[in-house]
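The chain below stands alone and is given in C-alpha cells; this is the form predicted alone.
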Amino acid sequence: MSNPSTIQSAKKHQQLEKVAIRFAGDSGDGMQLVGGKFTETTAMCGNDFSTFPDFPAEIRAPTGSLPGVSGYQIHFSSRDIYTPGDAPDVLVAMNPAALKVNLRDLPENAILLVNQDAFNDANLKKAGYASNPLEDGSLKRFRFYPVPIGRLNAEALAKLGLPKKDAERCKNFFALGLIYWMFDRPMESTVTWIQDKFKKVKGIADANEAALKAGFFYGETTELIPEQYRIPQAQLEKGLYRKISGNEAAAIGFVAAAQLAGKQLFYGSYPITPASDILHELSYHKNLNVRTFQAEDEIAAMGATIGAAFGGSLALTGTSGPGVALKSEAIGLAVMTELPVVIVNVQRGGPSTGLPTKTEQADLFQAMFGRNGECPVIIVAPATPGECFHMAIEASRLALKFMSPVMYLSDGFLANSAEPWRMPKLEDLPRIHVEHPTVADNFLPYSRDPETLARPWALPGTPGLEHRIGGLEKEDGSGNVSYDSENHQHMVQTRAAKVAGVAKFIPPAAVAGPPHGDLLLVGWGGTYGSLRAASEEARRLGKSVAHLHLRYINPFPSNLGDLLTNYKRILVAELNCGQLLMMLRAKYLVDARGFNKVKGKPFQVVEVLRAIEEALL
C-alpha cells in the first residue's frame, strides 16, 4: 500500500498564509490528543503556531452535554504569529453539543466539518436543539461538510475484530486523518507514535492507525470536499526547535536553574489544576538531581519547601490561587526567615474553586498583599509559553541572590498553550553563583550583603554556623528573637528595601513601537500575544500606539515611571478587574485607564483593537 501522505491529490490546491483549526467534542472524544498530534506534525512542517486547549471544568460531565465539551484550537502560519486566533477558520465538531458551544465563534464562510452520525435524537436533546441543524438550513452560511465519521470508522476497522466500544474510540483519529489530508500534513510521525503508544494493547495500535489512514483516504477520494490547502514553512530564526507548553517550559527551566546553580532541585506540591503538569514533568528528572514531593495538602507542601531551602536546595512549590491562599502563612514564614524559595502560581478563574480549567490574571493582588503584616515578595511573570523557561531561571536567580521568596505568576492560558520554542545554548544562559559561608569567625546569620541586603545562606551542619530560624521577629545581625519596637521597624523596612533593591538587578522596561506617542498599551503575563498583535495592527492602520509588557511586577523596572510619561494616554489590559491598573495609578500617579475581561478566556485581538480605538477618541 502506498504511504497516503505521499499521494499526489488530483483535487484543487489553495495556498494560505495562515489558518486556525478547532477540534471539539466530548471530553472523552480525544480532542486534546488529536490536537496535540496535529500540533506536533505542524511543528515538524516548519510552521509557526500557537495553541489554545480548552478543557471542561467537570472531570466526568455527562456524555453529550454542553458542560462536557472539550476543545483544542491551533493557529499556524507561514509567518510569525502571536495568538491561537480569535476565531477558527475550521471547526471539527464531533457531536451536537460541540457544535452548539462553538458555532457562535465561527465566522461566515468558515469550514464546518461535523460527525453527522452523532446527530441523533438523544444527542440533539442533550444539546438543547429543537431541530437537527444539519437539516434545517441553519448552517448554510458555512462551507458545511457533514461526514459520517462513526460509520466510516466502523467500516474501516470491521476486519480487526475489535469490540464496538473500542472501535468507536478510534474515530478521533479518523477525523485527524481527514484534517491531515485537508491541510497537506504528513502522517508518518503520528503512525510511529500510535504504534509505540499502544504497542502493549492488542489490536488498538493497528485500529488507530487504520482509522487515521481511512480518514486521510476519505479526504482524497470523496467528492464532498473539493479543495486541499497548503501553508508554506515559516521563516523562523535558525536553531533547534521543539514544541513546548508553558508548564513544560517552566519545569525544565527550574531544572536548568538548579543545574546552573549547582543545586538539588526540590519541588513540593499538592496537585491542583492547572499546575499539576509541572509536578508530572519534574518527576521524570530524578537523574538530574530533582526531588519531587507530593504533599498531603498545600500547607505541608509549603512547609517542606521552606525546609528544603533551609537545607540548601533550590526550593520550589507550585499551585494555583486557592493553594496560594492556604500557603500564605508559610510564605510569610519564608519572608521572615529570608530563605530562597520560589512559589509558582498558575492562575485560574476564581474566587474559591471558581473556573478551575479557565484562565485569569486575578491573583496579582494576592501575590502582592495576600499575607499578614508587611510581607513583601519578589514577583515575576512570563509572557509566552517559551518564556516560562527563561523566567523560571530568572525567578531562581533572584531568589538565590536576594535570599527572598519569589512569586512566579503564570496562568492557565500559558500553562496549557504551546508554541515552537528555540532551544537555547548553554553558553547563552545566565550564570547563577551561590556561596555558602564556611568560616565560623563572628558569624551572624542576619548580617547583610551591602549591595543586595541578602543575609548569608549558612547550611545546617556547617561547624560553628549553627543558627535558628522561625516566625518570630529577628534581631538584625544575630537573628535572636526580638520584641524591640525599633528593631521591628528596622527589620520591616530592611526586608522592603531588599525587595525594592531588586530593581537595580533586572532589565529596564522596553516598549515595542514608537518611544513617544498617543497611546501606550500595557499588559503582563499571558495576554502578551493578543496585545502585541493588536498594537502592531493599530500601527499598521496609522495609529501612534506602543506596547509595554511587564515581566517584573515587584519591584517594577526602575525606568517604568519615565516610560509612562512619554505617552498621552495609557491603557492597561488585563484579565481581571484592574489590579495592575490600580498599582500603576497608585505608584506613578498616572491617569491610566483599564481594559478588563473576566470570562475565563484570553483576549481576542479584535477586542483589544476596539479598546485601542476607543481610548484614542
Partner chain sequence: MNESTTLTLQPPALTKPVSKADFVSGQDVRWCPGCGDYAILAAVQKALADMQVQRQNTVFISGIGCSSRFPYYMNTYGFHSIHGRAPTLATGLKIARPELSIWVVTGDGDGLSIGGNHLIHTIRRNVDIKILLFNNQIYGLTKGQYSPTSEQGKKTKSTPFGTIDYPISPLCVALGVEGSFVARTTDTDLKHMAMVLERAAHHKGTAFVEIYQNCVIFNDGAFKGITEKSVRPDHALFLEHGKPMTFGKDGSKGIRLDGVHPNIVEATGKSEGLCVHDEKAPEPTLAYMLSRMRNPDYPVPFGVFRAIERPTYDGMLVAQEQQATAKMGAGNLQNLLRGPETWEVK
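If you're wondering where the values come from, they're calculated on a predicted model, not measured in any experiment. Numbering follows the first chain given and starts at 1.
One more form of this protein should be noted, the form predicted together with the partner chain, which is absent from this view; the next part is about it.
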Considering non-hydrogen atoms and a 4.5 Å limit, which listed residue (135, 451, 237, 121) is close to the partner chain in the predicted complex? 237
Among 307, 146, 430, 514, which has at least one heavy atom within 4.5 Å of the partner chain in the predicted complex? 307
Run the contact test on 284, 311 and 389 with a 4.5 Å heavy atom cut-off to the partner chain in the predicted complex and return yes or no. yes
Within a 4.5 Å heavy atom cut-off, is residue 203 in contact with the partner chain in the predicted complex? no
Report whether the minimum heavy atom distance between residue 44 and the partner chain in the predicted complex is within 4.5 Å. yes
Spell out, yes or no, whether the shortest heavy atom distance between residue 151 and the partner chain in the predicted complex is within 4.5 Å. no
Residue 160 within 4.5 Å of the partner chain in the predicted complex, heavy atoms: no
Given a 4.5 Å cut-off on heavy atoms, tell me which of 167-175, 90-98, 151-159, 463-471 is the interface stretch with the partner chain in the predicted complex. 463-471
Could you pull out the residues of 135-155 that have any heavy atom within 4.5 Å of the partner chain in the predicted complex? none
